[in-house]
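Given as structure tokens, the chain that follows is alone and in the form predicted alone.
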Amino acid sequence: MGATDQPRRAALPSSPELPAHGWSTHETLERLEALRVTDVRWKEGRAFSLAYQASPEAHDLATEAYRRFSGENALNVEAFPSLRAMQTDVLAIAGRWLGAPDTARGFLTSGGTESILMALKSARGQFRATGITSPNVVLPTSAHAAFHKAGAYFDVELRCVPVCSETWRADASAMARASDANTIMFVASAPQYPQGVVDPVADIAAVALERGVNCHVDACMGGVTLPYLERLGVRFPKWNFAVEGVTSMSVDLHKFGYTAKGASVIMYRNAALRSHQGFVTDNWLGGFYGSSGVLGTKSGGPIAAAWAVLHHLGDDGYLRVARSARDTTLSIAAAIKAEPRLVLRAEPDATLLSFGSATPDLDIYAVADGLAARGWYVDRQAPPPSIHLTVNAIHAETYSQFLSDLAATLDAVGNSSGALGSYGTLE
């Protein structure tokens, strides 16, 4: 613990040790609420990262479904057939979003990081059986940090290839040149997180197919939204299992599926590919043990919440919230492009965008500080120094105030006038 943590911790209404006499339910909940008094007000649409909300009703439903099944254990669905049924339903729905064939098989995981870990672990096991003992994965520098975590966990070399300088998309030709006989997987994103653009999945998958190796598409941010944006006429590169050569995909339900935290899907083109994910052993005194992913014991709460919200929103609901998030994203992007002090990093393909300073004398991180002081939570990223926004349905109600506060922050930080203020009431 750093020294700077001490004053903050001392001010929190908590106990440094187990109380001699247990607190009442009322007191415990009061203390819990006091602990989060300075948390970002994400339910009010003040966070452009980490938290997602389709509607208060959907959030309340997810919370209640989670509560009802929080104690059930998905480690063994033989004991909890309700969880097996819910998982089957959720995987089928996610498979349709991803354009998965009838042969596809998947698992629910605790999040996008676990889904990516499992995709890489499965590929390692698959190609270890063919004699590859020093595997590598080729990926663009825009691919999620979880791939680096997976490489560190499973001792797999990562070969990171710069993205195209003008589009921020992965460079399939450069990725092909970076591969060799020990390459087991190529990676694409739909969309990639930093600039919000969809990689050329078809080109990358074609390279993987030619070499007889895997291609994983990380659709954690877009797997729910992109199918609905396509129906709304939005154009972007082909991105899912409809592309020959794509062998696995990940999609987070607790992002733009608006379910409770702890719900993601890893989907494989067929059962043979999925077979390398699980872990089984009987080499201990407790008998047979098996699990599908990193977790052993796994609460039924996220599974029930996912099942409940997916059925509550329905196809029409997801179309509605996708349209809302997309319209809001475009409105924010238009405002940023009209502001001479800012530069939009890329035209957003979906509902993610990032922007930076258009002039060397404007510190974009100082802008982020100013927004934080006004109650907004945004991601800071680099290189290049940028502010990142993950726009979801709730921001339709708050983005006008965000743009107004952004304009005021720019004035406070940079002293130059701009056009952004006129966008404070975009419709």
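In case it trips you up, residue 1 is the first one in the sequence shown, and so on. Because the structure is a prediction, the values reported are computed rather than measured.
Missing here is the form predicted in complex with a small molecule; even so, the following discussion is about that form.
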TODO: Tell me the stretch among 159 to 167, 96 to 104, 251 to 259, 224 to 232 that has any heavy atom within 4.5 angstroms of the small molecule in the predicted complex.
DONE: 251 to 259
TODO: Give a yes or no for residue 113: in the predicted complex, does one of its heavy atoms lie within 4.5 Å of a heavy atom belonging to the small molecule?
DONE: yes
TODO: Look up in the predicted complex whether residue 121 has a non-hydrogen atom within 4.5 angstroms of the small molecule, and give yes or no.
DONE: no
Open item on the list: Taking any heavy atom pair closer than or equal to 4.5 Å as contact, tell me whether residue 144 reaches the small molecule in the predicted complex.
Closed with: yes
Open item on the list: Can you tell me whether residue 220 touches the small molecule? I mean in the predicted complex, with a 4.5 angstroms heavy atom cut-off.
Closed with: yes
TODO: Go through 127, 193, 236, 80 and name the one with a heavy atom inside 4.5 Å of the small molecule in the predicted complex.
DONE: 193
